[in-house]
Ligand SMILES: N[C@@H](CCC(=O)N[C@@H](CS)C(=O)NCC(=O)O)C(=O)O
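In structure tokens, the next block holds one chain alone, the form predicted on its own.
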């Protein structure tokens, strides 16, 4: 049986990405949640992965400990395709996913994922807004060029949408300004059945991380 080890659903942005991908790909899996920011969290994480981080996918003795690598693993086994069928669109989808994987440091540092929290709009750091501007450009461009077949970046839900889903929650939580095209895209992500399942579970969690309870 495939097992996905994740952190708190309210806070663990990297866990959300492959969880959505496995759901979208139609791959059955068991979920194991490690509560983060507890005295024994690090020991439990190191038991799950030598990297000591979540997410971790375990399948028949194989351990994969990176979100994007798990998405690629899922794409190779998917009942429903996780990447666009068109080669050009697929290349761009992987490019924007990789940019998310390695970029947007200022947004991630200053606006942590906290699904339960909605903050009023206020002026933000210039570096944060530069990240938001770039994300808005990516979303708008993908929707314009490749989004004719559905409401997501490449029409149907793809690995790229899984990578950007935590960013969607950040923009909502911190009331950050984006274009109407991006707002419509965010609505599609936030109303996807798999995301709604994750969101409901996050709201039911009893744990709180003070480092992520920020305005």
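In this text, all values refer to a predicted model and were calculated from it rather than measured experimentally. Residue numbers count along the first chain shown, from 1.
Below, we refer to the form predicted in complex with the named molecule, which is not included among the displayed structures.
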Checklist entry - So which of 7 to 15, 188 to 196, 21 to 29, 202 to 210 is the stretch with heavy atoms within 4.5 Å of the named molecule in the model of the complex? => result 7 to 15
Checklist entry - Is residue 42 close enough to the named molecule in the model of the complex to count, meaning some heavy atom within 4.5 Å? => result yes
Next on the checklist: Considering non-hydrogen atoms and a 4.5 Å limit, does the named molecule approach residue 101 in the model of the complex?
Outcome noted: yes
Checklist entry - With a 4.5 Å heavy atom cut-off, would you call residue 67 a contact of the named molecule in the model of the complex? => result yes
Checklist entry - Could you tell me if residue 52 has a non-hydrogen atom within 4.5 Å of the named molecule in the model of the complex? => result yes
Next on the checklist: Between 48, 36, 167, 176, only one gets a heavy atom within 4.5 angstroms of the named molecule in the model of the complex; which residue is that?
Outcome noted: 36
